[in-house]
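Coming up is one lone chain in structure tokens, specifically the form predicted alone.
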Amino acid sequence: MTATTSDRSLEGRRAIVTGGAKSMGLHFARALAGAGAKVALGDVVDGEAAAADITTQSGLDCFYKHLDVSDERSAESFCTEVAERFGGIDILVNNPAIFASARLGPFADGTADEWNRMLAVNVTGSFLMAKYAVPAMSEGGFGRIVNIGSGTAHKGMPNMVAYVSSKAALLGFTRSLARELGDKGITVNTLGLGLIESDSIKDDEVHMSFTERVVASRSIHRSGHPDDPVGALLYLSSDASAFMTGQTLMVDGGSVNL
């Protein structure tokens, strides 16, 4: 069967974007709504204005609810409210990440608290959201889980051991969960990103200092822009990717070759 434009439509779908109130999460949420999906934004920062703007622009229901993905009660409550308000859950974009605010420096200078917090948000958060979103997906016989990964998990990066380790853990999470959920009509994939000049990164001089080195490592020698991964996200969220699961799709200008 040949894929058609309609395979990429998300009309009638119900989506969750964690970390969706700002930066790349907000770009993802806008793209999903633009393709026809109702979207719930979950974040520890306020996203009321962002949700209202998406509703205005798309004409579809979009709402924000405070969400701490590292807290099981928060994750369960969020997924329950989304399922009740939208009548189900079809798409989960696991986008929470401690990155711009993370300490950069030798691993031996890090603390156990710093390490545990990184894993709690970047890894445990994805597990908890999947745990409470999957029942609604199973009931509907359709699900797309997109874990947001990083090229650093494939290349390694000095002075960022906790962050890189958390993103490497997501690769195993993706592969294992894909095996477990394949017969339920649910696919699980990783959307791997290179350095993207999102709002949170552009305001950070330390992380922006990586830009020249990162661009030099790419086959396409330019900075990554927030719109660059959107097409891949919509593909992984739609019917077009129905026979793809457990995979990593890199959108990084050709820096990582898998």
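All residue numbers refer to positions in the sequence shown, first residue = 1. Fair warning: this is a prediction, and the values are worked out from it, not measured in the lab.
Below: the form predicted together with a small molecule, not depicted.
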{"item": "Proximity to the small molecule in the predicted bound form (heavy atom, within 4.5 Å), stretch among 84 to 92, 160 to 168, 104 to 112, 134 to 142", "value": "160 to 168"}
{"item": "Candidate from Ala50, Ile196, Ala232, Ala35 lying within 4.5 Å of the small molecule in the predicted bound form - any heavy atom", "value": "Ile196"}
{"item": "Candidate from Arg179, Lys184, Arg117, Lys155 lying within 4.5 Å of the small molecule in the predicted bound form - any heavy atom", "value": "Arg117"}
{"item": "Touches the small molecule in the predicted bound form: Val215 (any heavy atom, 4.5 Å)", "value": "no"}
{"item": "Distance check, Val188 to the small molecule in the predicted bound form, heavy atom within 4.5 Å", "value": "no"}
{"item": "In the predicted bound form, Asp68 touching the small molecule (heavy atom, 4.5 Å)", "value": "yes"}
{"item": "4.5 Å heavy atom contact, Ser23 and the small molecule in the predicted bound form", "value": "yes"}
